[in-house]
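Following this are structure 1 and structure 2, which are two forms of one protein chain, each written alone as structure tokens.
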Structure 1
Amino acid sequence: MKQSTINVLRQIRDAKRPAVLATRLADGRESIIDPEQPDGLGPAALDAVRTDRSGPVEIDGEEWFLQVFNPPLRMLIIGGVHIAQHLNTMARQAGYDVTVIDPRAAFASTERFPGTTLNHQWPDAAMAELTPDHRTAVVALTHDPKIDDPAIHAALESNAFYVGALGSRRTHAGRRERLQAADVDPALLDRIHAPIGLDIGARSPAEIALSIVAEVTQVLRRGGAR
């Protein structure tokens, strides 16, 4: 790989944007592809980015190798509650860079979340600073509308690939009413995964965390909204 190619890929990485390095196998010609641009490699590059999978493809009779350079996966956990402790561990093991957001320092403490990035701002300020992108999952767990609602509102207006919130169907119905009253586009509300997590009959905090990681993975790899 040429030094100039490496420098461009570093710039793209620093901007937290996806890119695909396409190498023509016949002669080694390299090209950096923006997967959202409609050129000859666009659809194949976009599919590679979505599946996070590098590999050979045939385009117009030519063999290419597409190497995916995606931004890091991130998970923003709203609320340093008990479930969040288990979720933090599981998400990090699954490859996510986790940030726990909670203005209550007693909940989001280094003792409860060792080695994890903590943010003690109110969620609206934290989300504006962290700018969730298409590689970010946002999980609201506090059950406190003062904390969860601003985070969900910001997440729905971002490119976050997953937005989930803890609570029953009745709790979520009230949440939808509050968010609509706060001028959230009703069409965006369908992006919220609530009750959060895959329905595996989870009861304990660890099981609920497992169901959340499973659902986030499903949405990441297969797409789709609730």
Structure 2
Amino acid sequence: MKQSTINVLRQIRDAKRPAVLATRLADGRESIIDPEQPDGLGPAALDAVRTDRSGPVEIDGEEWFLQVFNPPLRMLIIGGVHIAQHLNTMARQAGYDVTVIDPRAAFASTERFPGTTLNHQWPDAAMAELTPDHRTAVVALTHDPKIDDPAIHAALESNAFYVGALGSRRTHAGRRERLQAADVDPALLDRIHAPIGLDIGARSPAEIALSIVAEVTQVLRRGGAR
């Protein structure tokens, strides 16, 4: 592997774009493929990026290894609450680039979230700016419909692979009614994971954060539209 290859891969990562590194097993010859610029390895590279799966391929009788470098997973947390502090740490360990969105600066503060990207806009503005994609999870934790609802609304209409919201079944029933009244397609409402997190009997903020990371992981790795 060439050092210059690593530099180019890091530039592509900084631009938040996907790349595929192709390495010929026989002699180590390598090239970086832009999955959007088709060439001999293009179709295989595009497929690898879409499924986020690296692997060997045979092209013209030669074996190449295609390694996918997808942009990092992202998690947008709505609400700088206590659970969010634990979720921030755990999600970062699991490889997520975390942004905490909360118009209440006292909640989303650097003291509470050191080193984390904070966004103090109202969630509809923040979501329009951050454009959740197929590598993004959106987690609404404020318990305040004024803040959670617009975020969930935007998330449901995005490509986010996971949308979850804190609250009991009763809270969620109320939320569904409000969102439906706001003209959200009822089919989209089924995408919301609520009550949020895998059912592991979590009680403390850290345990709830753990159940959320577990559920997000399950949806990421196994799919699991609800």
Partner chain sequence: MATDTSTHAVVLAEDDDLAILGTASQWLESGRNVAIARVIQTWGSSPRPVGSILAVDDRMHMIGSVSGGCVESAVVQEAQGVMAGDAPRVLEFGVTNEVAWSVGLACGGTIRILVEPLTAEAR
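Keep in mind it's a predicted model, so treat the numbers as computed, not measured. Sequence positions of structure 1, starting at 1, serve as the residue numbers. Here the rigid core means the biggest group of C-alpha atoms that line up within 1.5 Å when the two forms are laid on top of each other.
Chemist: Quick check: structure 1 or structure 2 for the form predicted alone?
Modeler: Answer to the question: structure 1 is the form predicted alone, whereas structure 2 comes from elsewhere.
Chemist: Verify the C-alpha shift of D27 between structures 1 and 2: is it 2 Å or more after superposing the core?
Modeler: Yes, its C-alpha moves 2 Å or more.
Chemist: Is the shift of Q67 between structures 1 and 2 large enough to count as movement, that is, does its C-alpha move by 2 Å or more after the core is superposed?
Modeler: True for Q67: a C-alpha shift of 2 Å or more.
Chemist: Looking at the two forms, how many whole degrees does the smaller rigid part turn against the larger between structures 1 and 2?
Modeler: Comparing the two forms, the minor rigid body swings through 38 degrees.
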